[in-house]
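This document starts with one chain, in the form predicted alone, laid out as structure tokens.
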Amino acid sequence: MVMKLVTDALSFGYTKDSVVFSNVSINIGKGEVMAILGPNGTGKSTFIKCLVRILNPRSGSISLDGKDISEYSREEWARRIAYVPQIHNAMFPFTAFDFILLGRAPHLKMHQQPQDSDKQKAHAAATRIGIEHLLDRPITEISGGERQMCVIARALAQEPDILILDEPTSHLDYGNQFKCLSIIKALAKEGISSLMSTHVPDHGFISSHKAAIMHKASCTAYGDPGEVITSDSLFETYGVFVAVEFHAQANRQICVPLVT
């Protein structure tokens, strides 16, 4: 069976009378990347927290490989899915290396110490992200953007089937934003899927095979990025006029806000 993560009519509300989002149905296959767009407060982060089992949906279902996620143990799920949260507040002064090494925890038995192979995988993840120079520094003493890169490296060290990232580039400088997107594209070629929320419509064209827009408590568009991310859909979603045009040098569609 080809790996696939599927949500079917997923809905969530914090109380019985509230609705954060409803009837969201998407699927991600092996090696696919999906970008989820939408204004602040439309439930993107909440949707992601349902996928990673932090929150329980009100109705609908989430399945992986045709199996409801409730049938997976927490340990199995952690080996399959890696989560990169929007904000990570460091509480303990782990070194960056030890922080990344925590990504190996789902592969260890209780009370088992990381083996040399685990340490090698943590170091390889840091090298892939380009943060080897941070490895000996306390996680509490590096910048927010550097810490975000460490969180992504920790997720890579986990060796998941699917990366789920909540606005992974929001704290990164311009160069590291595109480094992050390049890594996501490279992982897709290796068969690792990614779902990421973003506030940058161009991300749907740069790295994604699919795109979705969450707006007004539902998924208002879903499918190929070229069909989902349009001038009309962006105006309806954000209230901003945006030209969506093909750029020959970039060899893709780009978004140009028409504001003065």
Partner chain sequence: MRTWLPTTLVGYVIFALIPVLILISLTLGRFPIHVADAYLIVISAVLEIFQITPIHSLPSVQETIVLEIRLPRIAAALLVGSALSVAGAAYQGMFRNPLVSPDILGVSAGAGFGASLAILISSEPLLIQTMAFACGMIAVGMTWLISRLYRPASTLILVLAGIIVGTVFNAFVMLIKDIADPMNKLPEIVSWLMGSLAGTDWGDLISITPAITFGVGVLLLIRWRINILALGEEEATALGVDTRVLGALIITASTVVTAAAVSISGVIGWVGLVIPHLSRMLVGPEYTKMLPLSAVMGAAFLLIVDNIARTLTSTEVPLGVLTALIGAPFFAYLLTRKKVGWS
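In this text, all values refer to a predicted model and were calculated from it rather than measured experimentally. Rigid core: the largest C-alpha set superposing within 1.5 Å between the two forms. Numbering follows the first chain given and starts at 1.
In what follows, reference is made to the form predicted in complex with the partner chain, a form of this protein that is not presented.
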| query | finding |
| --- | --- |
| The partner chain contact at G145 in the predicted complex, heavy atom, 4.5 Å | no |
| 4.5 Å heavy atom contact, E75 and the partner chain in the predicted complex | yes |
| 4.5 Å heavy atom contact, M91 to the partner chain in the predicted complex | yes |
| Any non-hydrogen atom of P160 within 4.5 angstroms of the partner chain in the predicted complex | no |
| Candidate stretches 170-178, 92-100, 183-191, 122-130, one within 4.5 Å of the partner chain in the predicted complex by heavy atom | 92-100 |
| Full three-residue contact with the partner chain in the predicted complex, heavy atom 4.5 Å, for L165, T220 and N251 | no |
| Within 4.5 Å of the partner chain in the predicted complex: residues from 123-162 (heavy atom criterion) | D136, R137, P138, T140, E141, R154, Q158 |
| Yes/no, S182 Cα shift of 2 Å or more between this form and the one not shown with rigid core fixed | no |
| C-alpha of S73 off by 2 Å or more between this form and the one not shown on rigid core | no |
